[in-house]
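Subsequent text provides structure tokens for two forms of one protein chain, presented individually as structure 1 and structure 2.
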Structure 1
Amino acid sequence: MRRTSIEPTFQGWREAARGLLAAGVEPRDVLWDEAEGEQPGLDLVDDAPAAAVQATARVPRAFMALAEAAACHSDAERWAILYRVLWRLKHGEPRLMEVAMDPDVHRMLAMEKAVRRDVHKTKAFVRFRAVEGEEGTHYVAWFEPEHHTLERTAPFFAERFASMRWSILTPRRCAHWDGSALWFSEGVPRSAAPSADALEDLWRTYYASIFNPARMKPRAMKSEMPLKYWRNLPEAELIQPLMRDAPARVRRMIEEQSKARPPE
């Protein structure tokens, strides 16, 4: 059994995986270990010759793209799965990536999908709050991604809000944009984020008005906007009251409509 300690990033995994592959270490003989913030534990790992480490293992592009996404998943088993797929690609199954229903490929696909969803929900549910300061308005959001996705999501915000100054604060990492550069810092507690924005009342007014009480599909809502996001959405406090009042509102509409009609 070979204990392999890596920095828990795609880069960290890739370097270690290259070495292991070159040294012919089988997947079942590797124990992956995450060393947050440390240098890759070279002394613990690698007795492979440096030249072998340099040798680039040629793998399908589909694997690289998928592996880079799956590496952001919070499942600690991801490093082992990635290495197992890499191993199989290099040992007799070069077309493995095309077999989506293979158990290992399927797990990679599922992790990639979860990461993609996390990125998408971040783009959707981040809510900026305006903070006035000496340098003008700073838009600050608090968000809790499920996976290690902030680095993947931040460029989207930099592009969309290029002319604004903004920060997205999360428990693990924070992303900042000052109008020209994107940078990251350590995570912070929720209390570091602003707690309100004057515009949120207007936003709630809109949310309440666009809801149609005559059609209730709360499960469809929850499948797309799971409960875990609600605590950081200013409009979510309206969900319960809107649902509670809906049946009475519809009853009133129908009563008034039937009153206005001549008896048949």
Structure 2
Amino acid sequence: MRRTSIEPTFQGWREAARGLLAAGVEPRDVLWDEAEGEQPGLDLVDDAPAAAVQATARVPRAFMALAEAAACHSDAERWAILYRVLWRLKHGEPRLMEVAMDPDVHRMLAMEKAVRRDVHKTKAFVRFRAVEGEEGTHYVAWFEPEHHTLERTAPFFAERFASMRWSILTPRRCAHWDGSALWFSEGVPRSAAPSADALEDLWRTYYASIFNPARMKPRAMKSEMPLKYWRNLPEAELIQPLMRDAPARVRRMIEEQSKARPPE
């Protein structure tokens, strides 16, 4: 068994996989190990000629795109699955990515779907809170993504809030934008994030004003906005009262429309 320590990123896995593939190491002989903060190391593959590594690393684009997304999944087996698919592509199954029902391909597709959903939820449910400092206002958000998706999501916020200085804090990693550059740091505990600011009252007022009781669908709402995200949302404390009051508000809306309708 070959123990292979990698930086737990797609780039880290790719560099290691190239070497292992060039050296002819079968997937069943590799034990993948994530080396957080350590110098990654490869057993066996240092002697692999660079040209050979490049030659053996050519794979379908579909695999690379899927592998880059799947690498962000929190499943510890993802590195082994990616290498197993890579090995099969290079050893007699060049059209493997077209077989969606294959167990390995199916796992990759499922991981990519979960990562894509996590990215979507991060974009939807990150809430910044203003923190005043010597350099002015800095906006800080706390979020707990299920997977390693912060690096994939942060450029969205850098583009959308380009004029703000902000940080997104998570248990695994933190993203920071200073108005010109995006950078990352180690994760922090929830206690490092601010708990509230004055803008939240404005946000709650806005949320209550746009809440339409006639279109309320609790099951769909909880599916789109799972309860685990509610604790980080300023508007969450309003949701249950608004839902309880929704039937009465709908009745009042119908009565008001009836009164406003001209007699026939």
Partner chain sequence: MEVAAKLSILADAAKYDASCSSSGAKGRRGGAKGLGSTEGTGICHSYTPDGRCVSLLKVLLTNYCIYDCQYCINRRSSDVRRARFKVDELVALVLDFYRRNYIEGLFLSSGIIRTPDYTMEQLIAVAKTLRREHGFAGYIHLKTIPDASPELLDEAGRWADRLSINVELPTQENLDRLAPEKQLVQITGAMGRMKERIAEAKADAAPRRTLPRFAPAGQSTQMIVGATEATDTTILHTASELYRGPELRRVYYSGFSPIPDAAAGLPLIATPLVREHRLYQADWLMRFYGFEARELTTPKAPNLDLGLDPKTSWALRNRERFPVDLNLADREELLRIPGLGTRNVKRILAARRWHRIRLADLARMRVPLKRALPFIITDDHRPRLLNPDALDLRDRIAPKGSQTDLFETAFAALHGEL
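Please note that residue numbering is based on structure 1, beginning with 1 at the start of its sequence. Take the two forms, superpose them, and find the largest set of C-alpha atoms that agree within 1.5 Å; that set is the rigid core. Remember, predicted model here, so these are calculated numbers, not experimental data.
> Do you think the form predicted together with the partner chain is shown as structure 1, or as structure 2?
It is the first structure that is the form predicted together with the partner chain.
> State yes or no: after fitting on the rigid core, is the Cα displacement of residue 21 between structures 1 and 2 at least 2 Å?
For residue 21, whose C-alpha is compared between structures 1 and 2 after core superposition, the shift is less than 2 Å.
> Establish whether a shift of 2 Å or more occurs at the C-alpha of residue 239 between structures 1 and 2, with the two forms superposed on the rigid core.
The answer is yes, as the C-alpha of residue 239 shifts between structures 1 and 2 by 2 Å or more after core alignment.
> Aligned on the rigid core, do the two forms place the Cα of residue 159 2 Å or more apart, comparing between structures 1 and 2?
It does not, since the residue 159 C-alpha is displaced less than 2 Å between structures 1 and 2 after the core fit.
> Once both forms sit on the same core, give the Cα displacement of residue 210 between structures 1 and 2 in angstrom.
After core superposition, the C-alpha of residue 210 moves 4.4 Å between structures 1 and 2.
> Using the rigid core as the frame, report the C-alpha movement of residue 253 between structures 1 and 2, one decimal, in Å.
In the core superposition between structures 1 and 2, the C-alpha of residue 253 moves 8.4 Å.
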